[in-house]
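Just one chain follows, in the form predicted alone, and it is written as structure tokens.
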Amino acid sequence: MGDATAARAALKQLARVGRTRLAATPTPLVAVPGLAAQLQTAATVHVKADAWTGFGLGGNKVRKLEYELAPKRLEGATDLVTPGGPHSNHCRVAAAAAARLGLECTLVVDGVPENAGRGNAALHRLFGARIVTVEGRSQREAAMEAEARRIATAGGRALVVPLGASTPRGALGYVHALVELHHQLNGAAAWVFVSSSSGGTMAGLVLGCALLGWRPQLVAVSADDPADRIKSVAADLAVKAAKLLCEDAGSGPESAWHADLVERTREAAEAVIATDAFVGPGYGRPTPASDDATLLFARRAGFVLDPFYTAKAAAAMVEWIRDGKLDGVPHVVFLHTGGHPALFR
């Protein structure tokens, strides 16, 4: 089976996996020549605008939740339970999805927001979520289990979605994003910068590369954890997502695409460049470089970044272009994963 034929067969298999459509996709790939000129690069600089997935004010979490909230997984569910921080983008979109689907929503949140009437904290409440507060991240799992038991005792059934919907199933949402990007760039060589934390977004991109046989250089910019951890977490999720996609693939010529998919996924994951050089003093705390990137993207491209994730990923891209690390690269893509409500916290 040729590469193109195998890719088509794999994407047919992906289309068979259940999902609940929420996102406005495909998201556009926007050239930003003003930013490129400011950075004095000959590369065509683009923004893949996943901040514009639309639902619940958009961002990358929407694509992942489409698969976590697949119709079969929702059968009999009365409640959605999921964790995050007090200003979590994932919690925002999850609460919005619960409202859309007629479910009650409980958010297990570590910490108290400075002002519950601002930013994502306000949106969690606007969408009608019940907020359960725990002191730290290590307590979230037990609290979610307790909430699921409480709901069951009351006669309901909770669908528990892990942090960021960063699961093998959720990662399938970013296979679609990679396919879109491949089409939008006509398969050209490119470097792709993306914020990375819980790993689901990068995992889907990796699996998409393995499915299509396309090898853009993926750069995972950590928002919090060490570089080796974000790379290994994404690789593990990508391999598990590949195995999930291979389930029930059948036999015969049309199924040959999955014969070595896991190995190709491991190879694509190994090729990812991960950096934690832009975390600065900690998660969500700005740096001079992230502040500079926020101003550059606003004033030279018309895009709004956030201080938790995208500003630091953008800072990496800006610095690497300025330092000449991307000289000769024809296309540089910033995958904008959203999060702008954090500016209003």
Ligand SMILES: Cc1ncc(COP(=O)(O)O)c(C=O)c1O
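Bear in mind that the values here come from a model prediction, so they are computed numbers and not experimental data. Note that residue numbering follows the sequence shown and begins at 1.
Note that the form predicted in complex with this ligand isn't included here; everything after this is about it.
Screening 199-207, 102-110, 259-267, 153-161 for residues having heavy atoms within 4.5 Å of this ligand in the predicted bound form returns a single hit, 199-207. Remark: Glu68 does not count among the residues lining this ligand in the predicted bound form, judged by a heavy atom distance of 4.5 Å or less. By the criterion of a heavy atom within 4.5 Å, Lys64 is counted among the residues contacting this ligand in the predicted bound form. Contact annotation for Thr275: none of its heavy atoms lies within 4.5 Å of this ligand in the predicted bound form.
The shortest heavy atom separation between Asn89 and this ligand in the predicted bound form is within 4.5 Å. Taking a 4.5 Å heavy atom cutoff to this ligand in the predicted bound form, the contacting residues in 319-345 are Thr337, Gly338, Gly339.
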